[in-house]
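Only one chain comes next, encoded as structure tokens, the form predicted alone.
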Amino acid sequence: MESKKIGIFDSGIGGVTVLKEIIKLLPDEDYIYFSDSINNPYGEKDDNTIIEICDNITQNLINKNCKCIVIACNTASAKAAKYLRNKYPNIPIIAIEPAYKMVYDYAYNKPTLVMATKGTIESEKFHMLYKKYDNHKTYLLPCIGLANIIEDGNLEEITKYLKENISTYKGKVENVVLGCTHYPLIQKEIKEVLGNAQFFNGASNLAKHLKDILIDKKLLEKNSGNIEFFDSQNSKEKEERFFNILQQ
């Protein structure tokens, strides 16, 4: 009998930063990761388009014998998680969100920069989170196009983008919320521009929550720890980069 798997999707390979945290807690589970290169980036698409894309991917993952779905994209989580949970009530759907509450919990009084896509920052879900935990020392920065540049893997373009868009915050912020799963891939480069800062992202909290849900629903399994990778453009280059990052 084929084992049940954990399905994970993102607009590209950025969700690998989430998968790495999940594997630390659940090394024996089997995984399917879907990278949606064709529709990358999600951050500048309208809500209905994102919902339709995420619905198609979710259905595809359920058809591939996934017992739960992890949305490893902040924009998709903000725009589509509620719809997907209503449509698929029997499948646990765990959604990443910007780690702004972590700032409230651990570093409330420090000036904070939230880096995220335009779609995430403008979403109702993020506004509710922001309003609830606002430390009144927060800058919201919609990083238009950054996820796409990271996805392409051009370090020169990444460095140029960061210098042009975040240099102004150097010396002004002590906390940085990485509100897109692609951004932890360039945390070192961000730190080089901003200087010494404390970084927050939601991946570790999501991993803990996922484990709790699987225990609660008696869905934990001891499998081989197999990871399957699919890309909507069948990009072998993306697959290679994905597994290289996963092994780092």
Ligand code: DGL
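None of the values given here were measured: they were computed from a predicted structure. Heads up: residue numbers just count along the shown sequence, starting at 1.
The same protein also has a form predicted in complex with the named molecule, omitted here; what follows describes it.
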property	result
Partner-proximal stretch of 40-48, 24-32, 54-62, 214-222 relative to the named molecule in the model of the complex, 4.5 angstroms, heavy atom	40-48
Thr112 within 4.5 Å of the named molecule in the model of the complex, heavy atoms	no
Touches the named molecule in the model of the complex: Cys180 (any heavy atom, 4.5 Å)	yes
Ala147: touches the named molecule in the model of the complex, heavy atom cutoff 4.5 angstroms	yes
Members of 57-83 lying within 4.5 angstroms of the named molecule, judged by heavy atom, in the model of the complex	Cys73, Asn74, Thr75
